[in-house]
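Heads up, the chain below is alone and in the form predicted alone; it's given as structure tokens.
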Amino acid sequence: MIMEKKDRKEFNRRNFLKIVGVGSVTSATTLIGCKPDNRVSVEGGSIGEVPTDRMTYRTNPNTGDVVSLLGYGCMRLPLRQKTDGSGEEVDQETVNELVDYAIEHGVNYFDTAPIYVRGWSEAATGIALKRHPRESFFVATKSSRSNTLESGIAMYHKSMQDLQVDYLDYYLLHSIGSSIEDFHKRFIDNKLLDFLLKEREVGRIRNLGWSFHGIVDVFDYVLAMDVQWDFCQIQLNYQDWKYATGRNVNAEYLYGELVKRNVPAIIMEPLLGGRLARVPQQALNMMNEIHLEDSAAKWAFRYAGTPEHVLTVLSGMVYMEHLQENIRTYSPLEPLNEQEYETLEQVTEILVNSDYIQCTECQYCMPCPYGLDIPGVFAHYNRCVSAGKMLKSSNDENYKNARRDFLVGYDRSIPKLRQADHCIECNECLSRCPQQIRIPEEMSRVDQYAEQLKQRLEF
């Protein structure tokens, strides 16, 4: 349903510019040096040299850490088939190559967690980072869901073991926000937070913070605790600034509260699971009118990196081309201006009125007990939305081509036994989704659409 302008809150660009503090004195950029013969092209268009010495850095006011504005998110790592055919494993050689390239080009913040990449991320990240001097990088990991002190301490020690470090630069209480009672159960009543605070006192944790997905009451409660939080990780992008969906709160509010308390913000989901990198053509045309050569992803990363209290922006970069483009975007950062914010306001209006399924492909819903590829199904559907190929009627002029593109692409990207029609609505995935997507309902919607196309039914 099209949203009436009178029903929308005004996107006050001047207030945004004031809040985010464009031109921060806490930013530092070195403007010399490019590696020869180090060109890259993205989506067929050359974007030029990838600098080695121009990364934008931000300073953590609590510890003085000088952190690269681009942070390497290790939620998604390249995989490969095992040589014996028994399944998949992390492609360690490629991970090493990506980490080496990132460090060489100024990236020094690496974010992982015990649950990432089916539990393989910390070990793979540790192997890659161990080949570099310890002082050349900051590593962040998380205390995932554990309700006892013993399990929380065991997870903490295993993280250091897998990462092959004797201290953690950034440690997060992970995914806070479902309820105050849940927060107390996970970290207060079992004394796990007390343990982590003591670990910070002795230096085995250098920065202690938390990541947020949830309701605003929990955010306010945790932020107001009598604890010195060294940072907080929030979801921030140009859609979520005013129009957060699911288990989230508008980034405008979250960021503003962190600024009041001088708590640095670490940003996750700058691309909303990739959706802001593949916006509808109408939105892309608006961007191209201002910057013809810039990708939609670059716009999103510039937006996320512009606020001065943002310490680093995390990106899960599985492919070298994505890593290279993001390095260029922040080497150095060119903060957004008012005209560009106005353009993104118009882009946001298109996005929030589209048929997107609000999935960030975070993989938290996986594995599905019945083998469905939930993020893959939603990603294919959203790609078709972005490309303007979703049919509203069987009488649409482009019906034949759009039908073929959806069905052929569906079968190529998702094995048939893992497609939406095999969902039995067991609801196991519902409690795991940070965006609070009603996954069975959305799977049914995708299946109904696919079935209409397969049967050539009128709609």
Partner chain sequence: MLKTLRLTLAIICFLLVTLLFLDFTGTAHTWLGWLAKIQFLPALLALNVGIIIGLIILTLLFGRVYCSVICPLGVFQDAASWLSQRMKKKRKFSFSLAISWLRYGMLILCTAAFIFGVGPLVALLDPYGAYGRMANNLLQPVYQGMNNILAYFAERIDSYTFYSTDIWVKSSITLLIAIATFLIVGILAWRNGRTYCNTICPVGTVLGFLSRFSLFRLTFDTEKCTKCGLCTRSCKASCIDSKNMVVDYSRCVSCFNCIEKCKFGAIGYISRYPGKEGKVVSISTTETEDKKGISRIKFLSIAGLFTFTNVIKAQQLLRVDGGLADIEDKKMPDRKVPIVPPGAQSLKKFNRHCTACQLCVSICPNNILHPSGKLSTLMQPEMSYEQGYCRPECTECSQVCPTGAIRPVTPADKSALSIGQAIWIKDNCVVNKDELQCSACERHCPTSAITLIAINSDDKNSLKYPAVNKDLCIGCGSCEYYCPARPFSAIYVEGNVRHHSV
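Positions refer to the first chain, counted from 1. Quick caveat: nothing in here was measured; it's all calculated off a predicted structure.
Not pictured, yet referred to below: the form predicted in complex with the partner chain.
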Though only this chain appears here, would D162 touch the partner chain in the model of the complex if you measure heavy atom gaps against 4.5 Å?
no
Decide whether G256 counts as a contact residue for the partner chain in the model of the complex under a heavy atom distance cut-off of 4.5 Å.
no
Using 4.5 Å between non-hydrogen atoms, is M320 touching the partner chain in the model of the complex?
no
Any non-hydrogen atom of Y167 within 4.5 angstroms of the partner chain in the model of the complex
no
Are all three residues G119, Q363 and D421 in contact with the partner chain in the model of the complex, where contact means a non-hydrogen atom within 4.5 Å?
yes
For the interface check, one of 225 to 233, 107 to 115, 284 to 292, 331 to 339 should have non-hydrogen atoms within 4.5 Å of the partner chain in the model of the complex; which one?
107 to 115
Name the single residue among I153, C368, V263, A277 that comes within 4.5 Å of the partner chain in the model of the complex, judging by heavy atoms.
C368
Can you pick the one in R200, K242, R145, R76 that has a heavy atom within 4.5 Å of the partner chain in the model of the complex?
R145
At 4.5 Å, heavy atom to heavy atom, what parts of 321 to 348 sit next to the partner chain in the model of the complex? List them in sequence order, or say none.
none
